[in-house]
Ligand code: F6P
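In the block that follows, a single chain appears as structure tokens, in the form predicted alone.
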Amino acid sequence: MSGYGRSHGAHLHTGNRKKTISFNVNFKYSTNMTEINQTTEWAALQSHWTEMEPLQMRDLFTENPERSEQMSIRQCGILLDYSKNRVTQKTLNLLLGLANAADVDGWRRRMFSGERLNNTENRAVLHVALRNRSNRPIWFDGEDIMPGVNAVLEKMASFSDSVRLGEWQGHTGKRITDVVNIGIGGSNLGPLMACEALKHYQDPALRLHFVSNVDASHLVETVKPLNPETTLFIVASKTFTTQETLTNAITARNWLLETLSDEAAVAKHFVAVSTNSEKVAEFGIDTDNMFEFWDWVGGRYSLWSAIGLPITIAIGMPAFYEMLQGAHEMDEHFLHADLSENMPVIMALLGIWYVDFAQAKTHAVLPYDQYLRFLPDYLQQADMESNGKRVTRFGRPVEYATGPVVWGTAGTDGQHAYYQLIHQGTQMIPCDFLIPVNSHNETDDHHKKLFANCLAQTEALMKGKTRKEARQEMEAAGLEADKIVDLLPHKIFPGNRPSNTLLIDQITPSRLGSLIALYEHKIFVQGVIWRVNSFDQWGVELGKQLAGVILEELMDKGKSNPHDASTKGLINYFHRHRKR
């Protein structure tokens, strides 16, 4: 493993080598593969957990003073210290053996080569092409897709520049002051997270807003303080038929026309990110102001595409290119670095270790940076929608745990909310602590206090507090003997609770790009090992289908469809208690 001072190059295969990524695109998904939990590598890890379970990380640090240096990787301005995990070098070797058994190396190459890894939808997985700043050819179905990618980026640059410079004006000739993105899922969470993360770089003359919930309160409260004459809406929907997005878009359109009273105004105040030009034109949006993306871009991986249009308006296209560059650098690292020194791979394997062998059910993402406050929300979709699967990519039920529940909040707020459970609760919760070394707001000693709190939590989770230490602490404080006896059980911290620490040089566009790509590849590796399709989301569909059926009954009291007694009773209650 690499130490603090060692940096793995982001361009390991440049110059005259690897100008074009080209692998075997005829890879067949074998249904005869041994299930991963039936491999000798899996069995070895199960046996190894029984060896590791009683060991204390305190002792591992005492036995090896160089543990933190040996268990750290620095890449793309990010230091990953994973030494506070319940692992030894033997553990890591066994986990790497599992990665080899699952052919992680082959799968990462297949993704970059444009194979249709999303086998249930027969789609490639090429979000890496969107940030391919080397511009070397990436082939899909015999065509280099980079010219198309670059053309959309140029269109985004031209449009975002016109809005930022005041050249794009509303129907009454006034410059745009507020931009409202209407989308849901990946069409909302990615741009929302990135705009908040890069707020330091935003033009204060332009305010960005995001509406996703079909609850009218979200849209109504968002537009209340806005002026229709100076508001631009971005409607983000690949098919332009997504129920929540279109409902909000139509209501926003009506809000605009209540003031401007001219259908022609829609074309000056609405643009679309979509592939359905017919529906876009029907809405009243000029198709020249429609930004396309492709089937090989999954929704939760789409902020790098035209879905990122709000980001380009917020921070400018040069900064967006920096963000793409940072992601590309992490892509290069992931594709070319040895698995044993590969940051996404190591994070993925540690997650597998806890979910499948230590029986951890959740994973906390804890960014100590207010700008990253929406990162846990973003990663919930990225991780849980990707790997929350109960069948393998071959359609067979899995016999082991797959995706954990991902959750978290920013900064010290969580310490005064749920950290009690992490420290002294009955379940193990692996954590990622993220913090920038340099803040954009170095006011007095705020950042040093924030940094101290972050590191203190990782140390406390690892070390805990023994019975002897708790007793000595209370004796030093002068507590009476009987009070010590009463309090002692409550003062003991078991410790030995795992965490990763990620130190980011600073939250810049490039480093944010690297960070997001890091987690994307971590999720991908875990999906490969669990042998699930990380790129479909059929579990979202059933609720949508049933919602359509129930909506008919809510709109027409006389309409009746078969339901269970509970659902039927709730529909009837709704009708009885509606005030209008």
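What you are looking at is a predicted structure, and each value in this text was computed from that prediction instead of being measured. For every residue, the number given is its place in the sequence shown, counted from 1.
Another form exists, predicted in complex with the ligand; not displayed. Remarks below refer to it.
Highlighted residues 360, 403 and 522: none comes within 4.5 Å of the ligand in the model of the complex, counting any heavy atom.
Put simply, of 72, 386, 237, 85 only one has a heavy atom within 4.5 Å of the ligand in the model of the complex, and it is 237.
Proximity to the ligand in the model of the complex, defined as a heavy atom within 4.5 Å, holds among 305, 500, 242, 457 only for 242.
Mapping the unseen interface onto this chain, residue 56 falls outside it, with no heavy atom inside 4.5 Å of the ligand in the model of the complex.
At the 4.5 Å threshold, heavy atoms of residue 326 stay clear of the ligand in the model of the complex, well away from it. Using a 4.5 angstroms limit between non-hydrogen atoms, residue 170 is distant from the ligand in the model of the complex.
In the model of the complex, the ligand stays beyond 4.5 Å of every heavy atom belonging to residue 509. Only one listed stretch (483 to 491, 183 to 191, 262 to 270, 309 to 317) carries heavy atoms within 4.5 Å of the ligand in the model of the complex, and that stretch is 183 to 191. If you take 438 to 461 and check each residue for a heavy atom within 4.5 Å of the ligand in the model of the complex, you get nothing at all.
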